[in-house]
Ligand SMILES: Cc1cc2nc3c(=O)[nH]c(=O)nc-3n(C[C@H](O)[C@H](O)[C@H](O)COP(=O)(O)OP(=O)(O)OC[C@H]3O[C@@H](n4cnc5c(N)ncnc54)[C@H](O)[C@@H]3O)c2cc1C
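Given as structure tokens, the chain that follows is alone and in the form predicted on its own.
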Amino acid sequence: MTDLIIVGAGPAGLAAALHAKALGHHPLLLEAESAGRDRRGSRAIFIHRRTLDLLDAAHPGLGPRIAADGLVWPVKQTFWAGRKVFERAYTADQVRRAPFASLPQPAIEQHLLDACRTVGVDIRWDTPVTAVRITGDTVTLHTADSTVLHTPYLIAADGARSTIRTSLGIRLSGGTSRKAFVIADVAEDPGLPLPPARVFHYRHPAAHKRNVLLVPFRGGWRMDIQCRPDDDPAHLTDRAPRFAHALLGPAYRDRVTWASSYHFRQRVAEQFTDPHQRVLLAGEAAHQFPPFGARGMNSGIADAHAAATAIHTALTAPIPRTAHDAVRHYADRRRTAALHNSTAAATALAHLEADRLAIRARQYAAALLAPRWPRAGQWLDGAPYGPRLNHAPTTGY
């Protein structure tokens, strides 16, 4: 019996394994897909400074390596109908200290995987978990190849369609946007590189007055286009090359490498652990957030760090009550964080959809005032990502 099993080799699962290993444990990491899996799309591309610090604590040097591999865009801008209403430039010293890193999630996962291999984490690929049963102080897992595994603690980081969460009967609650968003990756043109700036457009003239977010990352650009109520997301996805031409320039029309559509989701598990305090949900198994605001992967890695710490406390606790309290504390604290993030995502969605007259009026007023009142432009720049909630107790992300 291993003292800890982690299911799911995404960012949360890999980070949990690294942190558990740093705490002196020997986790077993199970992944349903193969080692050579195809991870198409840039996925989560923004990793916060706090997240880099958490990863560096688990594996010294990892944070700086990820930061060095990523891009720190030095400028962020916001436009209203083609007119600039906000700009902030980071100083050279701020860029050097890497307040964040922008690079595709598969590249981040590769860094995590390399670190796990360096410290000797046992990873079993092609091992889907089919069922989970908890009896007393033992978690029993059944895999697709009929293997039966036992462990005192399990971290479920097996994604939005979590088999573990479903087996435990834990439901997700929350909402999903009515309007869709089209998302596409565009490879950088080395012959005609664009200035690396994060740019948000309200009512972009070249996108038929749709809202557009453009974010550079190492090696390319992310286009995020808000659909109108009468849009067919599949049709707009097929038109991604035309959008790349219109938004980034003619040289980028044939450089789209991946395109898809999504809906804003703000969904949180009703519990982050089981009644026996033996299974801890983390990452998208516990919560689902939209790309805006960079709350998904960052909160998942924060979950991973807290889950591994809680299990370490539980395994070394002198009395069972202390062990249960450690897991309950994890579940309460991280669910509080998830609910705060869900609220922030819902606020961002309301701003982006602007279905209420009061929101539209406030946006128009801010756009008019921005040239003379910087705070109006600052609000237009920040509102699409939801309010910052770092002041809220115990949230983290």
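Throughout, we count residues from 1 along the sequence that is shown. Being a predicted model, the structure only gives us computed values, none of them experimental.
Heads up, the form predicted together with the named molecule isn't pictured, but that's what we're talking about next.
- Contact check for Pro11: a heavy atom falls within 4.5 Å of the named molecule in the predicted complex.
- Among heavy atoms of Tyr90, none comes within 4.5 Å of the named molecule in the predicted complex.
- Pro104 falls outside the set of residues with a heavy atom inside 4.5 Å of the named molecule in the predicted complex.
- Although the partner is absent here, Arg335 lies well away from the named molecule in the predicted complex, with no heavy atom inside 4.5 Å.
- Site residues Ala32, Phe46 and Phe264 are all in contact with the named molecule in the predicted complex, judged by any heavy atom within 4.5 Å.
- Looking at 284-292, 166-174, 312-320, 194-202, the stretch with residues near the named molecule in the predicted complex, meaning non-hydrogen atoms within 4.5 angstroms, turns out to be 284-292.
- Proximity to the named molecule in the predicted complex, defined as a heavy atom within 4.5 Å, holds among Thr127, Gln77, Thr151, Thr237 only for Thr127.
- Contact with the named molecule in the predicted complex, defined as a heavy atom within 4.5 Å, holds for exactly one of His26, Arg65, Arg37, Arg328, namely Arg37.
- Shown without its partner, the chain has Met297, Asn298 in segment 297-311 as residues with a non-hydrogen atom within 4.5 angstroms of the named molecule in the predicted complex.
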